[in-house]
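Just the one chain here, laid out as structure tokens, in the form predicted alone.
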Amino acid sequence: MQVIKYVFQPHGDDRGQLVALEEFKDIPFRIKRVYYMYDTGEDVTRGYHAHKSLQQILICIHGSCKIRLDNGKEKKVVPLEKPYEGLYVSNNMWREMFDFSSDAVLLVLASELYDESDYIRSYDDFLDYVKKISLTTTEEV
């Protein structure tokens, strides 16, 4: 599984730091939705889903957290600890966000508007879905 972690260019001086992000320049897709999570409890895990089409960039703009990625064959845990790093999460990727520091703010840039039909919320359904996609892709070759 390839994990893509972006390091964005911070700009700063004695007044502080600034990170500017632009779609198709710093972000590999058109940004259609932005949301963030904060005040996440100490032992809370969020996510537990995949998307059929949506792509995301996750940036822990304050504090830290970990992201568990699963493509149906491999699992990886990626820490997010710097406000100038972003994790690309492709479609067809199960994700779980956990181990939030008490001050964590996790910003999400999404390629699509909210669409419940794009979600896969059952892990077993996710495994069936990626298996089916894999078979379809293999048959087309």
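The first residue of the shown sequence is 1; numbering continues from there. Everything numeric here is computed off the predicted structure, so don't read it as measured data.
From this point on, the text means the form predicted together with dTDP-4-keto-6-deoxyglucose, which you will not see here.
Only one of His49, Arg68, Lys52, Lys82 lies close to dTDP-4-keto-6-deoxyglucose in the predicted complex, with a heavy atom inside 4.5 Å, and it is His49. Within 4.5 Å of dTDP-4-keto-6-deoxyglucose in the predicted complex, a heavy atom is found for every one of Met37, Arg95 and Tyr119. With a 4.5 Å cutoff on heavy atoms, Arg30 does not count as touching dTDP-4-keto-6-deoxyglucose in the predicted complex; it lies far away.
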